[in-house]
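Next up: a single chain in structure tokens, the form predicted alone.
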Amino acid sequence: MNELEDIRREIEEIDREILALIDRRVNMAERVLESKRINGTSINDQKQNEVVINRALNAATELNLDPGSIKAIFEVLIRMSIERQNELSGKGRLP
């Protein structure tokens, strides 16, 4: 086995960890939705979306990661959460 194969296996392991964290984040949607119902907050809470994006951008800067890419990633994560909350509330997209 060569060094490149070892590195690729390590990257694959990291990718699996990232996917597990995304799954965990999306699955938080049920708890988030219930809390939003109790508080009377809409599913797409633009103010909170901005807080999440800004928090990610600050962390990206600290880690010397490209802010534009990190913003795009977190916009997708937020959209996935909103879509899941809509599905759970019965407002999901119909095929």
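Heads up: residue numbers just count along the shown sequence, starting at 1. Source: prediction; values computed, not measured.
The protein also exists as the form predicted in complex with a small molecule; that form is not presented, and the subsequent description refers to it.
May I ask you to state whether Asp45 is within 4.5 Å of the small molecule in the predicted complex, using heavy atom distances? Yes, Asp45 is a contact residue.
Heavy atoms within 4.5 Å of the small molecule in the predicted complex: does Ala59 have any? Residue-level check for Ala59: no, no contact with the small molecule.
Can you check whether Asn49 is within 4.5 Å of the small molecule in the predicted complex, heavy atom basis? Residue-level check for Asn49: yes, a contact with the small molecule.
Determine whether any heavy atom of Ile70 comes within 4.5 Å of a heavy atom of the small molecule in the predicted complex, and answer yes or no. Heavy-atom contact with the small molecule at 4.5 Å: absent for Ile70.
Complete contact of Ile22, Arg84 and Asn86 with the small molecule in the predicted complex (any heavy atom, 4.5 Å): Answer is no for this spot.
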